[in-house]
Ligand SMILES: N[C@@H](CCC(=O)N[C@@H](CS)C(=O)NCC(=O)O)C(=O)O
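Only one chain is included here, represented as structure tokens and corresponding to the form predicted alone.
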């Protein structure tokens, strides 16, 4: 397969969302070069071109620069529509969008916990990787020291995600049960929705590869207790692309072994999204600016059934608008079948969240949908510096 030349991905092996994009590009058969960004790459290229400091970033042959894996994948699907990562039938597409959201946003919890709360095994490994990436030209002992300084910023976020001594035992039990369900599912299926990867798989591969497969502690656990999950990770990250032939979806059905995972979305993540919508509405009524920050205080939630304090994350609500908008667009038999699915996974009561203020993403920031970004938000797009070596 030979799909285009000149795409450049800026990412890292230890980066959760880099794994999502890398897997997508490989499965689509898109030829690309991956560059591991070091300090000057951020300073001279990533921040000037995107306005943010996050990876992965994709640079196109035309020198467009995109950030955020969901946005990048949708851009790439327009260029390379076959085979689509979005199922063509309604119920399977809704399930795929839900699972992308669940993987991207909720599986961040076990990913962050296992990376940062097992310091003796994981942190020497991850600090070294941080240091080697950002400071490749200095001695190893300084790489480790500076890698620790940077890594500690990520570690400090962990308690604010609701991961604490009170919730950790339940979270680990929850994750082990999830591994068991997925291991059973992959006994009969190569991917989440069957024989080919969809957006659902790309949502899951981010946390499962970079953190839960590669990091020493969770990686050992996965390979020992859920070897079929580990094999799925390896399939998703292999360079072998899927066929150009569009998959035939004979029936709009969800594998029964996937239903327990979808119920986890309904019982665990959906109530948090509903409360996030309430808080964003309240925030929007009182703010003097149209831009919505990454965090809006804290709220009371349940992590694996245990009460916790957690950051309010508006981005998760923006992601939830994708399956919600799709479901609201359906009519007739498609709407009936998808409503049945929501009822089967116990999501019908909360899925139709009433959001008075929708969110939009422009210039790699969130805004209220009725607003227009200030001119200054576009300033970083005016200059097009080339990436440093």
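Because the structure is predicted, anything quoted here is derived from the model rather than measured. Residue numbers count along the first chain shown, from 1.
There is another form of the same protein, the form predicted in complex with the named molecule; it is not shown, and what comes next is about it.
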- Have a look at 197-205, 151-159, 274-282, 175-183 and name the one stretch with heavy atoms inside 4.5 Å of the named molecule in the model of the complex. 151-159
- Message: I'd like to check something about residue 38: if you look in the model of the complex, is any of its heavy atoms closer than or equal to 4.5 Å to a heavy atom of the named molecule?
- Response: no
- Query: Do residue 359 and the named molecule come within 4.5 Å of each other in the model of the complex, heavy atoms counted?
  - Reply: no
- Message: residue 315 versus the named molecule, in the model of the complex: is there a non-hydrogen atom within 4.5 Å?
- Response: yes
- Task: May I ask you to state whether residue 326 is within 4.5 Å of the named molecule in the model of the complex, using heavy atom distances?
- Result: no
- Answer option from 79, 137, 187, 294, heavy atom within 4.5 Å of the named molecule in the model of the complex: 294
- Between the options 55, 347, 355, 338, which residue brings a heavy atom to within 4.5 Å of the named molecule in the model of the complex? 55
- What residues in 10-34 sit within 4.5 Å of the named molecule in the model of the complex, counting heavy atoms only? 15, 16, 17
